[in-house]
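As structure tokens, one chain now follows by itself in the form predicted alone.
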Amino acid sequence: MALLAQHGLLRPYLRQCLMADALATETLSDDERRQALIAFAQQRRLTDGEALERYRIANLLSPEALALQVELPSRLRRHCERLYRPKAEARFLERKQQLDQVVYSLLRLQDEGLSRELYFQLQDGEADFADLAAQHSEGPERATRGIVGPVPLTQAHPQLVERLRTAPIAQVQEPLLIEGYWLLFRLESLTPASFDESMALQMSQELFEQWLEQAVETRFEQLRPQLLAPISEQPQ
């Protein structure tokens, strides 16, 4: 344990151990195991049994360890559905505003005068937003011709989020000063998150991750006195 802590690997190690313990009681049918193996092989482009065996050997995995790796996503899904699905909708309602997806056009400049000049060009239909972004924008959106998204709405700066929530679709907004840059932006689409089966699984997995992080920290704190003890007092 002390060596893992020394190299900053103790938390990842505890995470893997606690996850394995939590999922150990989840059993899969023979068909679910076959489907898990097919998905695992496809993701890693393992075309046959020989390729799978080479993968096992290359990664120093026992057959049992390989089986656990193959079955982990299916076991995790079953565990989350069994324990956390009843709480998924409440989690969704808490997080809904963070889950809404947005697409918008963005152009940022440090020159206020130029930002207003380009704004009026766009307002009058004299220029195309994508062309102006590719030519003038001083942010990473220049590479995408101004398009940002689809991304969670709250990924943007809080001031921009507030404006995007109420902006009309396809209408260029007046330059907005945020952290030294004048932003021209236009809302392209806003898609409110909905609670379907895919979202229910996502929320269930988030709840499991929340439990897992807390469990890791609890175990880490339990080990702290032992790991901080003088070397002569640590178990060999």
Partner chain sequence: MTQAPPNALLSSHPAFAALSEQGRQQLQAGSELRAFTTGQNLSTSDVIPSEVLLLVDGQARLLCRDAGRLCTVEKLQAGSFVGLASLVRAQACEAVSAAGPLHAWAIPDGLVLALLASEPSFSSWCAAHLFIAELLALVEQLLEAHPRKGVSALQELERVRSAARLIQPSVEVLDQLHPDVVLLAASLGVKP
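Remember, predicted model here, so these are calculated numbers, not experimental data. Numbering follows the first chain given and starts at 1.
Not on display, but discussed next: the form predicted together with its partner chain.
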Output flag, 114, 120 and 171 jointly within 4.5 Å of its partner chain in the model of the complex, heavy atom basis: yes
Residue 94: touches its partner chain in the model of the complex, heavy atom cutoff 4.5 angstroms: no
Listed range touching its partner chain, judged in the model of the complex by heavy atoms within 4.5 Å, from 73-81, 150-158, 97-105, 120-128: 120-128
Stretch 64-97 - residues with a heavy atom within 4.5 Å of its partner chain in the model of the complex: none
